[in-house]
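Encoded as structure tokens, the following chain is the form predicted on its own, with no partner shown.
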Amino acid sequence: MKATGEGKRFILAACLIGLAALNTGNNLIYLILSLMLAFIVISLALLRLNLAGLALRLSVPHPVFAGEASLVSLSVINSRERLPAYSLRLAPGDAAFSAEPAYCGVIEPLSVSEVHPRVVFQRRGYFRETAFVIDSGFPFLLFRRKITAAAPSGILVYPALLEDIERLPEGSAAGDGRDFRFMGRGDELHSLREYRYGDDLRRIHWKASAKTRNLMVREYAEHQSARVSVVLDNRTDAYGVDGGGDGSPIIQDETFEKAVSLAGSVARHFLDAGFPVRLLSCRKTVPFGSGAEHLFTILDVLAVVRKEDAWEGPEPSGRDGISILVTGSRRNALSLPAGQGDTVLYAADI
């Protein structure tokens, strides 16, 4: 409870009236003083009663990304049976998000009033509830009172996605093509090599063998649909601890958040291009899939992923297509078997 400018002047006037009453002994001045004191008491009582029995509920009808303004539905519930609530202002009460102030004029008993402020969540994650400050000066604006109310929300905030990503693979995977060629059991000739014990004699290339005077066998190319493995290096060592200016350690959480955003952006890039994409990280993986629904499956994991002590998970292989490794810096990069078209992106370079 805090007195407003008008309230401070009213209290000062009441004090002066009280001094005048003591000095003069005039009953009329005493009556005026009693009315002013009653006015203050009524103002305090009604203000406290006006903010009693209120609850909040927050809902979001669309996906929410960190750092982006989202229009939400904030419901103010008046659970009192007889008394309405008047003149309520709502503002964010948590540093995890910011919002434009909202105003409710009147909320009838046992009813709900909805406002639709724009909210910006500063970080990704799962928010079970969000805190708002309810502020009111009803009825006479002599005092203002603020209460903090937690709004159950259950909002999953996705990491911010980058629009332009440099150093992505080029060629058939990043262009118009949709497949890779590698040695296998296909029908297209890939290369020639020297005969090894156990090779099928029907694959011997006699003309090439005659020219080189060594038995040469054919290697055939097999076509497989291009697939992309986005590997998020979420080991603690990949982001490390750098010393601050005063010699104190600073954990690079900001770099890790950039890496999470970069991994989601790469996944969106290739899914939009029509490629099957999977996500590999320590302890959390998403199998190959495609389409917008699969993107949000990946983002569900990235929204709550955290750093782990060591790598515990599958590793990309050369037959899985493109491997995009997203890590912190060149100094602490994860060492994994190279996949076909392997590319490393460093969050520290963003």
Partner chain sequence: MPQIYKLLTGLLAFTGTVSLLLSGEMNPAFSVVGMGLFPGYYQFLRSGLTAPKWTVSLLSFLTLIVFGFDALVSRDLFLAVAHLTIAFQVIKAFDLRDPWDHLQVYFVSLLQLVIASELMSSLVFGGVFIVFIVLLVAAMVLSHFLTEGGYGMVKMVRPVTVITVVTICTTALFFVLLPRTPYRFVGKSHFRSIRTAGFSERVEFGSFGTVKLDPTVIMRIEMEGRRAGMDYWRGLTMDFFDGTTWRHSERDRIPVSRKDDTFVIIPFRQEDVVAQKIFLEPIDSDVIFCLAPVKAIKAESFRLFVDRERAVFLPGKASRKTVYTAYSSPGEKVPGIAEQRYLQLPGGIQKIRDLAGRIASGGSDDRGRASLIEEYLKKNYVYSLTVRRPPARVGPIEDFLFTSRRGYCEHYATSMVLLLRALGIPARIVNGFHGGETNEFGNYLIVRQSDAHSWVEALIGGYWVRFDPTPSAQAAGPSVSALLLDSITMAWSRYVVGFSAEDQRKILRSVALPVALPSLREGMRLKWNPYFFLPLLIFILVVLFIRVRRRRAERYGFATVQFLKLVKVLRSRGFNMPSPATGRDIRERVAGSALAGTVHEFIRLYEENRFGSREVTPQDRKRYAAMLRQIRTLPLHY
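Positions refer to the first chain, counted from 1. Given the structure is predicted, the values throughout are model-derived calculations rather than measurements.
Note that the form predicted in complex with the partner chain isn't included here; everything after this is about it.
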Would D349 show up as a contact with the partner chain in the predicted complex if we use heavy atoms at 4.5 Å? no
Is there a non-hydrogen atom of V133 within 4.5 angstroms of a non-hydrogen atom of the partner chain in the predicted complex? no
Within a 4.5 Å heavy atom cut-off, is G137 in contact with the partner chain in the predicted complex? yes
For L142, is any heavy atom within 4.5 Å of the partner chain in the predicted complex, or not? yes
Ok, A69, L51, I42, V301: which has a heavy atom sitting within 4.5 Å of the partner chain in the predicted complex? I42
Going by heavy atom distances of 4.5 angstroms or less, which of I77, A91, A208, L156 would be at the interface with the partner chain in the predicted complex? I77
With a 4.5 Å heavy atom cut-off to the partner chain in the predicted complex, the contacting stretch among 109-117, 122-130, 228-236, 199-207 is 109-117
Determine the residues of 4-29 with a heavy atom within 4.5 Å of the partner chain in the predicted complex and present them in sequence order; the list may be empty. E6, R9, F10, A13, I17, L22, N23, T24, G25, N26, N27, L28, I29
